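This text opens with one protein chain seen in two forms, each one given by itself as structure tokens under the names structure 1 and structure 2.
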Structure 1
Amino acid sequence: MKKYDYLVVGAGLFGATFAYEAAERGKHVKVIDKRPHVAGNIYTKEVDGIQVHQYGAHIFHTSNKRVWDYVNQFADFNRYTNSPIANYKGEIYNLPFNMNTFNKMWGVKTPDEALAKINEQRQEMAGKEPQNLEEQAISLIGRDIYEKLIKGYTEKQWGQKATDLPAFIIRRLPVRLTYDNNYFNDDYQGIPIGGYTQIVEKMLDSDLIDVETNVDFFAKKDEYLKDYPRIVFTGTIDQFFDYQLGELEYRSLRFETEEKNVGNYQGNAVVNYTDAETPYTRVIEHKHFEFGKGDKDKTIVTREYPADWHRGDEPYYPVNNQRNNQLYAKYQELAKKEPNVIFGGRLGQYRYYNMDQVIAAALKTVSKEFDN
């Protein structure tokens, strides 16, 4: 067998960043992924000249200049600004909550009028410590916005009633007393022109890196542990340890993607459906990520359905409540007893990471591995 310095399990953003940096330092790396492609959840595929985000909308945003400069080595980014809208039973509202939202909701026109309305509605919780997500939301923004723009979406996303969800899930809500629909406050934001897959492909394009897809690490786990001196594992940490302490919880997603014979279906890249009756949380129209590129007479839309996670399903979001975080801490103790295995990424570190945070975490791991 060819001698490698590292086996990287998972060709997503964490694994690819580590593999790239290791190869830059002259290390031989084998990368495996159970999917038939690289790039993990940021994988994009061209259909009708449109870059389709196969696993949900991914908008790169960061205030970390080091990370922004780093990712720009591998792609040119456009100036896409994330400005999602909410559809509540046919009523359209701007997100995040800003003066456009408040004007549509209450007819207010000035920041003082909006703040007075918010404070009036917050009085429902005056003096009471929020005990659940519903009470926390009302204490922050009032009942009208909670009922129309938070409750249904959140209950679909988490698969639980808002009154059963812990208050800490929404410690704060973005509220802007300006007419500004830019969802993120970050200094840098955009979409790579030509999609995300190229970023990972370029990271892995080295004579020192070999990549294999459609490979299940767990089919030969013991063999891998024996044959490779160092392993970077980006899968679920509880599965690595055969769930011996119990299962961590995740939320999964299901996607329905279709081609439509219209040039412009919904007029926006992302529309959130915030009522309880609509079974999906959002509809993504991919061509709007790159300013209408692609076939002018066709468009690709994806409906995103949250789903309960069971073993064998794709885990998308860790459920970082108290019970799971305590269990993860116990798995971390087991991980310390695996000195030749590095656990990384959203699943390996059981943490909700944005893309910039994944890169930052990978670079931190690289520094710890090679620079100490």
Structure 2
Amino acid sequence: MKKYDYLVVGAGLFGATFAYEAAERGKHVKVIDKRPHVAGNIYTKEVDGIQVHQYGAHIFHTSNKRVWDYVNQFADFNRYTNSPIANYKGEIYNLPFNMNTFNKMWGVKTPDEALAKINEQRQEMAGKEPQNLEEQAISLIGRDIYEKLIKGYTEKQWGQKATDLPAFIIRRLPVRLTYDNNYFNDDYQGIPIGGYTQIVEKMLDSDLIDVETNVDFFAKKDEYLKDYPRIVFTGTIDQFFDYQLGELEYRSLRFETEEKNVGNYQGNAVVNYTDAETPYTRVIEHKHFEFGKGDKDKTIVTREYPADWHRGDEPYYPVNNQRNNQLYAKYQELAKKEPNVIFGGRLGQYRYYNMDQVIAAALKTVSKEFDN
């Protein structure tokens, strides 16, 4: 067998960033992935001239200038700004919660009027420390918005009552007293022109990196551990240890993708369905990520259905409640007994990372590995 310095398990953003940086330092890297393609969940594929986000919508956003400059080495980014809308039983609201939302909800026109209304609604939680997502949402924004725009979506997304969910999930969402529909507060945002797959392909395009897809690490785990001096593992940490301490929980997704013979189906890239009855959480119309580029008479739409996760399903989200975080901490203890294995990424580190955080975490791992 050819001699490698590293085996990287998983050709997603974490693994690819690590492999790229290792090769830049003259290391030989083997990358394997169980899927038939690289790029993990940021994989995009062209259909009808449209970049289809095969594993859910990915919008790159960051306030980390270093990460923004870093990722721009591998693609040119457009000026896409995420401005999802919510459809609640046919009523349309702007997201994130901003003056447009408040105007539609209550008829208020000025920030003072909106604030007065929000404060009135927040009274329900006055003096109480929010103990769960429902209480957090009401204390942030009040009951009207909670009932129409948060409760149904969140309970579908996580498959649990909002009163059983941790408060931090909702802190991701900005609240604004301006007429600004930009979903993110970050300094930089965009979609790579021509899709995400090119980013990972470019990262892995080195004479020092060999990539093999359709390869299951667990079919030959012991051999890999014996043959490679260092392993970067980006799969689920509980599976790596054969679930010996019990299963971590994940949330899965199911995507239904359809080609439609219309040029413009919903007028926006992302429409969230925030009621409890609609079984999907959102509908993505991919061409709007690149301002309508592609076949002008066709469009590709994807409905996203949240799903329970069972062994063998694709894990999309870690469920970072107390029980799981404690169990993860125990797996981290086990990981210390595998000093030649580095665990990374959303699954390896069991964190609800965004793409920029994945790159930042990978670069941190790189400097720990090479800069001492």
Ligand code: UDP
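Throughout, rigid core stands for the largest set of C-alpha atoms superposing within 1.5 Å between the two forms. Start at 1 and count along the sequence of structure 1; that gives the residue numbers used here. What you see is a predicted model, and the numbers here were worked out from it, not measured in a lab.
Participant: Would you indicate whether the form predicted in complex with uridine-5'-diphosphate is structure 1 or structure 2?
Facilitator: Answer to the question: structure 2 is the form predicted in complex with uridine-5'-diphosphate, whereas structure 1 comes from elsewhere.
Participant: At a 2 Å cut-off on C-alpha positions, does residue 297 qualify as shifted between structure 1 and structure 2 after fitting the rigid core?
Facilitator: Shift of 2 Å or more: no.
Participant: Would you say residue 76 moves its Cα by 2 Å or more between structure 1 and structure 2, aligning on the core?
Facilitator: The answer is no, as the C-alpha of residue 76 shifts between structure 1 and structure 2 by less than 2 Å after core alignment.
Participant: Using the core for the fit, does the CA position of residue 130 change by 2 Å or more between structure 1 and structure 2?
Facilitator: Indeed, residue 130 is displaced by 2 Å or more.
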